[in-house]
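Shown here is one chain on its own, the form predicted alone, set out as structure tokens.
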Amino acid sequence: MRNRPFEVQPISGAIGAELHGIDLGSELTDATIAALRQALLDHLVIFFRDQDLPPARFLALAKRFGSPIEYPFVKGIDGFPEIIAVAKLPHETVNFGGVWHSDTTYLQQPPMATLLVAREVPPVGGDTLFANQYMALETLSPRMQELLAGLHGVSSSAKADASRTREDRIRSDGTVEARKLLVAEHPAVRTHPETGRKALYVNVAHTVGFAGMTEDESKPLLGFLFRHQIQPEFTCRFKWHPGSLAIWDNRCAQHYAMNDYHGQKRVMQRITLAGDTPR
């Protein structure tokens, strides 16, 4: 986009860009928000450094991009139910989000996007990886794409790997419905409502099978897709500093929080934005 008020620097050939020269805590014009949204659509995840975003300002920024929603399993921070703490404390060994996924696909309308800001990070480790799911689909054979186009994935909030990563936060900040089972069916290939592009839409954290198929029948195909969709060529990796912010598009990108900082503390704050019904 011409004359956008910031610099865009891609960080890999597949996904992700750092945006420089913009203060997200200031009053942003509608034109600037439109340019930021276009950068998100172009790069699937956008990153910012050295942002001063206390909770009220962080929430106000999120509202410029969409409608913040509450996470079903963990309470928000004091005074801000839409903002949850994504933390790992020095004595903990499992990290929140430490499995490849698109956020909360077990909801009937999974979030459109997620905003994550770093508050406290370890000196080394704790990076986040992101994977391009347009590319994951487009690199499959035409016959495999045709097969997947007729399938719906079943997502469950109780899948073991994902539920394990939120146990520490449920113990400290769980909601009254923290143990509720949530299940949803979504197309294995979804069409992005803004770009019109098709993306692979299954993930190892939440997808337990395909509708109309047994678990044993689903397992071989899902296993292949889970390996395929996170190939290094589809990914980028982001190193956090306090004040770093990431915004990613859950409709076409997955992410994975590295768990390589045992004995250290990492504290982030997260907002998810309401999405549509995948089609």
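Bear in mind the structure is a predicted one, so any value in this text is a computation, not a measurement. One rule holds for the numbers: they count along the sequence shown, beginning at 1.
One more form of this protein, predicted together with a small molecule, exists but is not displayed; see below.
Residue heavy atoms within 4.5 Å of the small molecule in the predicted bound form occur in exactly one stretch of 247-255, 61-69, 215-223, 26-34, and that stretch is 247-255. Only one of the listed residues (V86, V204, V74, L182) places a non-hydrogen atom within 4.5 angstroms of the small molecule in the predicted bound form, and that residue is V86.
The small molecule in the predicted bound form comes within 4.5 Å of no heavy atom belonging to Y134. At least one heavy atom of H101 is located within 4.5 Å of the small molecule in the predicted bound form. Residue contact check for T128: one or more of its heavy atoms lie within 4.5 Å of the small molecule in the predicted bound form. Looking at L148, you'd find every heavy atom of it more than 4.5 angstroms from the small molecule in the predicted bound form. The candidate spot formed by G97, L116 and R270 lies fully in contact with the small molecule in the predicted bound form, as each residue has a heavy atom within 4.5 Å of it.
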